[in-house]
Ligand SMILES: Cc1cc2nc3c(=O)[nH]c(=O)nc-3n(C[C@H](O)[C@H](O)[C@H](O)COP(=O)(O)OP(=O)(O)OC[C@H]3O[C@@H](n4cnc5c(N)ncnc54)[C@H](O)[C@@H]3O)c2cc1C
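Encoded as structure tokens, the following chain is the form predicted on its own, with no partner shown.
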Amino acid sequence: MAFDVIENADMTGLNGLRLPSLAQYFAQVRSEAELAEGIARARTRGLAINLLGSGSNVLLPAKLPGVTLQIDIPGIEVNADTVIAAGGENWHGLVMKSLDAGLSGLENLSLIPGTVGAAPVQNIGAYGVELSEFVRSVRAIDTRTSETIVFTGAECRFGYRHSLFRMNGHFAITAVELRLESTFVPRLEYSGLVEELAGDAPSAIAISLAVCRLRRRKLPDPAVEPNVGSFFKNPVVSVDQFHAIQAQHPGLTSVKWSDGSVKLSAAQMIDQLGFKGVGQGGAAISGRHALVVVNSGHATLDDVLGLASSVQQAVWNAYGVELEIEPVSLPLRS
């Protein structure tokens, strides 16, 4: 089996922020067999293994040691109420294919960048919907043992922008099986989505189109301003902590979850502290959306992390809340 292995590969075009990075070794694999072979080669040589999708939600260092394997495995199988998609498929393409097949559920997750294999890592979510609601199983290879494992949805240990795969960087996701709906039930918890529909009948296609319009209007285009989307997670606090914060910041947006905790708006906090448009080195907080860090010109990882640290410290000082970074840093530590 043959696939190219590139030494000192330029990864600048393979991460959303376009940070300069060189991988010691890099290979793109287009089948599960190629992925298994790449893992075996790296293990034989005692090299670290880094796993990459499209790079839309990662932070890369200037030098990435070991072997970086980009999972580009294609394939989508649509059944009566399930879709099985290979890890290298484009996420938005999967959403469109499922809608074309008359299956709904993923429409609120339209236009989220990245691959299918990367989606479970952070349990992608938007407009009141999370991927975990639909996952029947995830197929992955354990890079430590080369064993293929099929995880049930429960075994993935999904949480808010969290999963087993984010905690443990040893699993290379090759396929995801989703249970979807042939009977459409709209999810319109977000008032902004209702307003965007502007009276249109809330079909799955109409919701998908509305979500796409919202995302394009609110978020900077990565092709124009390199970014990885939301850079910080919305903090989740206890009811008591929320009441204490609310007493000092009465206008703060919040969403109460079923377990009694409260999700706060990180974007609103960052915006209120005046960080929109603020830069450090070649990195800046987007002037369009306070949750997005952009590469404003020749940014390095140090620029990005330095700016993020300034934001985190300011939010802690003002609100007593810790902001967590959402994108994954390679190489993963577990």
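Just so it is clear, the model here is predicted, and its values are computed rather than measured. Throughout, we count residues from 1 along the sequence that is shown.
In what follows, reference is made to the form predicted together with the ligand, a form of this protein that is not presented.
- Taking a 4.5 Å heavy atom cutoff to the ligand in the predicted bound form, the contact residue among Ile84, Ala126, Leu164, Ile245 is Ala126.
- Scanning Ala118, Val135, Val95, Ala210 against the ligand in the predicted bound form with a 4.5 Å heavy atom cut-off leaves one residue, Ala118.
- Only one listed stretch (147 to 155, 248 to 256, 182 to 190, 225 to 233) carries heavy atoms within 4.5 Å of the ligand in the predicted bound form, and that stretch is 225 to 233.
- Taking the partner from the other structure, the ligand in the predicted bound form has no heavy atom within 4.5 Å of any heavy atom of Asn295.
- Lys263 falls outside the set of residues with a heavy atom inside 4.5 Å of the ligand in the predicted bound form.
- At the 4.5 Å threshold, heavy atoms of Ser56 reach the ligand in the predicted bound form.
- Among residues of the shown chain, Gln122 is one whose heavy atoms approach the ligand to within 4.5 Å in the predicted bound form.
- Taking the ligand as it sits in the predicted bound form, the stretch 155 to 183 comes within 4.5 angstroms of it through a non-hydrogen atom at Arg161, Phe171, Ala172, Ile173.
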